[in-house]
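Just the one chain here, the form predicted on its own, laid out as structure tokens.
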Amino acid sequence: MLTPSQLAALQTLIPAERIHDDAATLERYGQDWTRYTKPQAAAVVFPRSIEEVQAVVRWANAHAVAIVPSGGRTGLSGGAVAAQGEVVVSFERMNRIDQFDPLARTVRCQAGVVTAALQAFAREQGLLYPVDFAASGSSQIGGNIATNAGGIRVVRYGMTRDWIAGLTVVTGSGELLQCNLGLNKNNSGYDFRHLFIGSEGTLGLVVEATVRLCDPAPPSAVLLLAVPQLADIMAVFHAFRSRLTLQAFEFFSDQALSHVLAAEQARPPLAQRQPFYVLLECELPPSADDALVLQAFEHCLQQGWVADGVLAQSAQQAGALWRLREGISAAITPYTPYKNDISVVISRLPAFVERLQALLEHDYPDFEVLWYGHIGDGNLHINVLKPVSWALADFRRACEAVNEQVFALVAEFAGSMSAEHGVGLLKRDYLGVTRSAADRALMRGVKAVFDPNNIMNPGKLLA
């Protein structure tokens, strides 16, 4: 808890009704979707303006209080966990969308704008904000920027980083920075915007963003394909990408499908079950029907890469197929999954997957392991489900023991130990898998410049 003097000073900056320290609020806002660390926040504050955020940061420096930023708290690496008596700064009341520029196709929004609200605003203007993922209904733009969120359409549109034209940030020392000003061309030296994107709140707080929009996606086809061998999935990817423009290319295992079907009380989408499935969405050329799509599908059938499939015949059916993929995370949440989020260059995926599959089958014989992810951009999600009889701490230790083997393989293939979930608390000690000692030393130096008193999300990303 805050001391009486700390609280009194904070209440001169933020009205008391927007400073909460009751147990329910501390529990709710003190953690993200991970459940491996018990939240221990001192208070939660709800600023409504940039000036209030600056005031809170300056107060935190003066009183030696650490800050944890809070968006939609949909992260999966513990990056939004307040476990050491920090003050949580929630951006949910800074949720205004304004300054739409139809000529530049940009819009300015506050950090607390929910991703789906920005997507809806873009549609109202006849445009598209293309970054999308299962948590878009609750994640916030500030959190998306802080973690450089990816999602289901990276193969077509890239990461959040590619859509941020400008940032307004409050640094760890309370300074206000305007980064890039929404410009398309700006060669005036260091672009601090890209330091803050993906920094997980360790350098400062994103308070506003200028976001790029684009043309709506053309008509598309959605297919679900049954794949007998995991190693053949990239052959399917090449077959479709060589003929069509892919909007998304996802995969999941039959075990993952089983959990979704059970959770939603749904029927299997295909008559014959197979070990793996690909869900893909591809753009249809102007004035074209499904001929190119069916041609690619038939080629995959002839090669034996695909055993069966279904092409959505309506928007409703396409939505039902997408729910099979997007419903996985919610379906397995009751099992407290231990997650690994890794990536390699897509040309190396077949060899990597073969080695990884053998490793997991050998080292996780007692656990249920689910595969899924955005494999079209080289990203694999591996989820290990906790048996009911296992204590959480014992389960985590068992999974971390296997991590040594998994990450050694990732390093051998020059991959990343965190493709899109961020590093946070859970993956912090594995950062050396992907970043060299020189990298990490420079990262600490950068943090010291922007956050000299180490109050910004301390203990996350960097040890």
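Fair warning: this is a prediction, and the values are worked out from it, not measured in the lab. Throughout, we count residues from 1 along the sequence that is shown.
One more form of this protein exists, namely the form predicted in complex with another copy of the chain; it is left out here, but the text below deals with it.
For the three residues F121, L261 and L370, verify that every one has a non-hydrogen atom within 4.5 Å of another copy of the chain in the predicted bound form; reply yes or no. Spot residues vs another copy of the chain: no contact at all.
Checklist entry - Does Y335 make contact with another copy of the chain in the predicted bound form, using a 4.5 Å heavy atom cut-off? => result Contact with another copy of the chain, no.
For this session: Decide whether R267 counts as a contact residue for another copy of the chain in the predicted bound form under a heavy atom distance cut-off of 4.5 Å.
Result: Residue-level check for R267: no, no contact with another copy of the chain.
Q) Taking heavy atoms and a 4.5 Å cut-off, does P15 contact another copy of the chain in the predicted bound form? A) Outside the cut-off, so no.
Consider G415 of the chain shown here, and say whether it contacts another copy of the chain in the predicted bound form, taking contact as heavy atoms within 4.5 Å. G415 belongs to the contact set for another copy of the chain.
Only one of 78-86, 312-320, 373-381, 253-261 gets a heavy atom within 4.5 Å of another copy of the chain in the predicted bound form; which is it? Contact-bearing stretch, as computed: 373-381.
Task: Candidate from C300, L223, M234, L356 lying within 4.5 Å of another copy of the chain in the predicted bound form - any heavy atom - done: If I apply the 4.5 Å criterion carefully, the residue I get is M234.
**Prompt:** Among the candidate residues L360, L128, I346, A307, which is the single one with a non-hydrogen atom no more than 4.5 Å from another copy of the chain in the predicted bound form?
**Reply:** In short, I346.
Taking only heavy atoms into account, state which residues of 6-33 are within 4.5 Å of another copy of the chain in the predicted bound form, ordered by sequence.
Residues within 4.5 Å: none.
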